[in-house]
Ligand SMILES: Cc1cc2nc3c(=O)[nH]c(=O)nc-3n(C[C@H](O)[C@H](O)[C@H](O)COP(=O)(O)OP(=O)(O)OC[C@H]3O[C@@H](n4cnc5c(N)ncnc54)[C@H](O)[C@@H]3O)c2cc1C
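Heads up, the chain below is alone and in the form predicted on its own; it's given as structure tokens.
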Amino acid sequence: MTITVPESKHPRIVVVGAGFAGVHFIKQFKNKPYQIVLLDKNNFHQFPPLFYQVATSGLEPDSIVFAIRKMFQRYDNLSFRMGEVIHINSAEKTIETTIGNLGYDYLVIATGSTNNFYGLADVERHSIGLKDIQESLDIRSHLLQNMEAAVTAPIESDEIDNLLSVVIVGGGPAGIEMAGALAEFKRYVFKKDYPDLPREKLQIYLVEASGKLLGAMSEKSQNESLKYLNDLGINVMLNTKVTSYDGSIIGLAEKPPIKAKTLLWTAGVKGQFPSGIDSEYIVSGHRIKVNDTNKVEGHNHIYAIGDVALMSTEAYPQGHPMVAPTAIQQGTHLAKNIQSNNWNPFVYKDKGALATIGMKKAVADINKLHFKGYLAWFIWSTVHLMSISGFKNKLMVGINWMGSYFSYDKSNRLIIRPYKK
């Protein structure tokens, strides 16, 4: 079966993935003499930096997702099809998908990344990641279900402690932002919603395998973030490696285990992409080797951008950071190269790094400048608000943040879709 798309005399560019890389690539082709076909397993674009706020009841999911068809409804040269690409036939210049086959003149792989559990099968089975909006909703439901279950447990039982213990693995931005948001939930919401439960029973652990948090940021940011987390009452465990998890007991290397019904995994990511790329051009099994113009090594007319691409340069021998700015810049640069046919090499412009640890507390490294506290939080809020797609979504998030700024309330404490492992 062949996917039906409109007839066109223009070159066909098939884009796989509607993340930051794919969307910003497509935006350069609005009504240009190219036929763009976008494929994604979801019918929406999502904003990963704020997944943790959905997970901790701070935002509704529809405020950080945006319908693909609405996003590109004024693009006369674009066709969207919801489906998953299974295999690439590079010799025939076709792809196999769950909804049929399709030929291409150019293929752009922008499939992003997913959780990397580093071979810990039991941890993958029993924990929840934070890589898509569905997992964010799973976390929200799971946390609230555990709190409801704790209310009905015998007051002196260990079951309450286990239900109310939350272990977050990974000391990067996602991990510390999740920990900070949960700490504020504990401080400002938990006692009001669950007066029958002692607040000290809700314990938050942040486990990091290395000896520092925010490894990609400055030493000042690392130290400040640790101080903020300690001030919020979070149990920060550095130099601590998770070895196993059965849903109740978390095994740690050379340290006593932790009993907890919740393990949230933010410790690593890996690229995800269809089969069909020669194995010699796949690094560590999860990133595709590309040259300095994002062309996949050993393959003609196939390009990879964003998290899934590994471009080794003198400045970044292990590839560029797997973050949104990289994806956005590579998507935009590749689009300009295709249209101009000049094929200039990609040069990453590092615009800095940001991380927030609860309301009014954040750290920021911009060029050689370091910011902390309220100013860093204001920068973080402004950058993220402006990066969200759609005026309506910006407005929804902005209004929500204004309310939270004064009340610290989490207004979306709803178990809409009960979570089951």
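So that there is no doubt, residue numbering starts at 1 and follows the sequence shown. Please read these numbers as outputs of a predicted model, since none were measured by experiment.
Beyond the structure shown, there is the form predicted in complex with the named molecule, which is absent from this document and is the topic of what follows.
The stretch in contact with the named molecule in the predicted bound form, judged by heavy atoms within 4.5 Å, is 298-306, chosen from 283-291, 298-306, 195-203, 69-77. Taken together, 39, 174 and 322 are fully in contact with the named molecule in the predicted bound form: each brings a heavy atom within 4.5 Å. Distance criterion of 4.5 Å from any heavy atom to the named molecule in the predicted bound form singles out 84 from the list 122, 84, 159, 350.
This chain appears without its partner; in the predicted bound form, the one residue of 240, 221, 113, 262 with a heavy atom within 4.5 Å of the named molecule is 113. The named molecule in the predicted bound form is approached by residue 49, whose closest heavy atom lies within 4.5 angstroms of it. None of the heavy atoms of residue 25 is located within 4.5 Å of the named molecule in the predicted bound form. Although the partner is absent here, residue 21 lies within 4.5 Å of the named molecule in the predicted bound form, judged by heavy atoms.
The named molecule in the predicted bound form comes within 4.5 Å of no heavy atom belonging to residue 361.
Of all the residues from 119-142, those having a non-hydrogen atom no more than 4.5 Å from the named molecule in the predicted bound form are 130, 131.
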